[in-house]
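Only one chain is included here, represented as structure tokens and corresponding to the form predicted on its own.
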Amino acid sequence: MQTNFSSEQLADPNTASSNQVLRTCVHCGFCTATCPTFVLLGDELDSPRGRIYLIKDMLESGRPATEEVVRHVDRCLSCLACMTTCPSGVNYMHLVDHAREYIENTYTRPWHERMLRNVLQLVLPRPALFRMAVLGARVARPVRRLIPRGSVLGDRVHAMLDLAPARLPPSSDMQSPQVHKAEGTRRGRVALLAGCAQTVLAPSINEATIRLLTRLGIEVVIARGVGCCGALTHHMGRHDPAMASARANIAGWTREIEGDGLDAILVNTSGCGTTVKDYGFMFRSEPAEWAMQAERVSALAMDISEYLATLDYVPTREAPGLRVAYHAACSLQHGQRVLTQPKALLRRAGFTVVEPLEGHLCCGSAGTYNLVQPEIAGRLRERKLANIAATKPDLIAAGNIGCITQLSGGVPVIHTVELLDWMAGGPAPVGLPAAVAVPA
């Protein structure tokens, strides 16, 4: 694609990066076939190719973002299926992230959208506030019928109340900053990103991760000062809060790297993992010391399934004959290109793994997408659940808390690492089908 940026525009690192991305695109349109919003809506401007044209025009003109551009960019899930499909290697992720930051800096959204985004930015990365918000939503759920549907604000309030779980598990001390010693001879030392929303919604995921790793001889560090990865604010175009979160994490992990050392930085929420692996790019224009540390953190970052695949995981229980539908989170299959390891581990644990049709299409979670675009997210959820149901599974395995929340309510959805921990001696995951005979 030909571009026409001025030398002054190209002096900006973000614009220079986007220019290279745009020039890589050859207009082939392969991306449209795997884009969830184009598949649903059939509008070229709701495809990656269409958005690329809109973003190019917006950035080259230097004008503030228009309502049309904002509408179509906002509908993008950042599922990154287009990057898997693209034969030219277009890094759409970096381009759309730049576009969102540009929109945030040049466009004034309606008041109710600004309010919602401010609330999400404030609450979601902070576990204590998020817990209070979820408890408040539970109190408000009985009166949601009084909130009219059919308006942007009303539909989004309903979406938030519908997604709030009926109950919250108690908080877990295992997730606080500390060192979990390996059982037996220590074979490795890793840091685990405990995360933010996941620590409230499903602390059992981090507990299972720690139990399984320490049982395999791996020392697990929850580093002090490490919290939200920054993905939630980064994908809303809010540069400074995202960088502040990333900077705190880089500092916390650097202390561990330069102290007793780390073999890997593990992430069991794939949306977070995609962002942590991109810290090197995010900090490319920062002072050299920060850029170097960010690159080092990104190089050490691994999804939990990637790391477990390097160990000699062996189940210690006989599998109960469960048929497991594996849901490949977009951030894992497209963002990180981790494709085979989770399925191979589940099979090694003794489960029968089945894969639904259209596994490349997003479930509609996509960070905060199901809160800011509930209508499209709801349609994608129903499509995904219908494809999963066709496999007649006993349960669904997934590696991302957003997907687990989005797909809950029918067939039990359980994190992959909880199933692996169970088969290797851990407790049975909460939510197993009632008819399942739990092996001793």
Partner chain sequence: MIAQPPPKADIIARRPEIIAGLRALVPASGLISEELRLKPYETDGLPAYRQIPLAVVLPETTEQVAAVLAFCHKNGVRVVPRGAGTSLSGGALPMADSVVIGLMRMNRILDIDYGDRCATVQAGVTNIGITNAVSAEGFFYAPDPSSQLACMIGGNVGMNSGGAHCLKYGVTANNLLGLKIVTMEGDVLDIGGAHLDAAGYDWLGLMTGSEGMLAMVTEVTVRILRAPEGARAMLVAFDANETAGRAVDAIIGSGIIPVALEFMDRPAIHACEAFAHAGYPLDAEALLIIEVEGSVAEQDDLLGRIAALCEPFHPISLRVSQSAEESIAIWKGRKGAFGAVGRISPDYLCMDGTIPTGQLPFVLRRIGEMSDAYGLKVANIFHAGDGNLHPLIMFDANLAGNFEHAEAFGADILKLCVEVGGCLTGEHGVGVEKRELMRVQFTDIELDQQRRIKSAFDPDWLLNPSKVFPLVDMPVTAMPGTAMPVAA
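Treat the numbers as computed from the prediction; the structure is a model and nothing was measured. Numbering follows the first chain given and starts at 1.
Heads up, the form predicted together with the partner chain isn't pictured, but that's what we're talking about next.
Annotated contact segment (heavy atom within 4.5 Å of the partner chain in the model of the complex): 52 to 60, selected among 387 to 395, 52 to 60, 367 to 375, 402 to 410. Contact between residue 382 and the partner chain in the model of the complex is not found at the 4.5 Å heavy atom cutoff. Using a 4.5 angstroms limit between non-hydrogen atoms, residue 72 touches the partner chain in the model of the complex. Contact between residue 89 and the partner chain in the model of the complex is found at the 4.5 Å heavy atom cutoff. In the model of the complex, residue 24 approaches the partner chain with a heavy atom inside 4.5 Å. Using a 4.5 Å heavy atom cutoff, none of 199, 220 and 226 lies near the partner chain in the model of the complex. Heavy atoms closer than or equal to 4.5 Å to the partner chain in the model of the complex belong, across 38 to 57, to the residues 38, 39, 41, 42, 43, 44, 45, 49, 50, 53, 54, 57, ordered by sequence position.
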